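There is one chain below, alone, in C-alpha cells, taken in the form predicted alone.
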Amino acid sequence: MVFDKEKKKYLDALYKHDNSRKGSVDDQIKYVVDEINNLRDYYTTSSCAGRIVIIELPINGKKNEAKWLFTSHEAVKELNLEELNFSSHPAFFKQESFIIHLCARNLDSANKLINKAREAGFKRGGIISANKRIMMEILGTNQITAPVYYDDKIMVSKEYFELLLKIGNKNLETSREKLKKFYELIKKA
C-alpha cells in the first residue's frame, strides 16, 4: 500500500540529519513524534516544539536569506540584545509555538487526530492537502513577533524586551502543557 511505503520512508529518515535549520527532531517533542509514528494510521513529516528566536530579515522578506542571531527551544532567562551581532537589516523577536505536519491513512483517521488536538487545546489544526496523501497540520496559536532592531539601532527598552521574554516563556510553557495533554489523548487512542 502507498501509505505504508511512504510511512516507512519517513520513519527510516526520522532521526537522521534533516533539512531543518537545527537538523533534527527537537528533544522537547520527540515523545509526541514517536507516539504518533507508533500509531498505524499516521506518520510525521516535520515538527517544531516551539522556540524563541531573534532573526534578521532582509527587506525582500525571503526567509532563506534571514540571519539567525539567537535560537532557543527552551525558556530564556536572560538575553542581552546589546551582545548580538546585528547588521543593517531589521531584526525581530519571535516566539513561535508548537507545529507538526503529518500524514493520515484516510480522512476518518485525520479527523480523529484533529479532534484530539482540539480537545488538547490546539485551536488550529486541519487537513492542508488531500491530493496524493492526506497531509495535516496542527499548531499552537500563542506567538509573538515584534521588531527589536531597525535603522542600525535597538528599538526597545530593556524593560520591554524583558517583558517579551517573560510572555514568550509563558507561551512556550502553555504550548508544552497542551502538547503533553495531546500526547496523553493520542496515547489512549
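Predicted, not measured: the structure shown is a model, and the values here were computed from it. Residues carry their position along the shown sequence, with the first being 1.
One more form of this protein, predicted in complex with another copy of the chain, exists but is not displayed; see below.
Looking at residue 124, you'd find a heavy atom of it within 4.5 angstroms of another copy of the chain in the predicted bound form. Residue contact with another copy of the chain in the predicted bound form: residue 26 places no heavy atom within 4.5 Å of it. Within this chain, residue 159 lines the site of another copy of the chain in the predicted bound form, having a heavy atom no more than 4.5 Å away. Under a 4.5 angstroms non-hydrogen atom cutoff, another copy of the chain in the predicted bound form has residue 144 among its neighbouring residues. The stretch in contact with another copy of the chain in the predicted bound form, judged by heavy atoms within 4.5 Å, is 150-158, chosen from 29-37, 42-50, 150-158, 66-74.
Residues 111, 114, 115, 118, 124, 125, 126, 127, 128, 129, 130, 131 are the members of 111-135 with a non-hydrogen atom no more than 4.5 angstroms from another copy of the chain in the predicted bound form.
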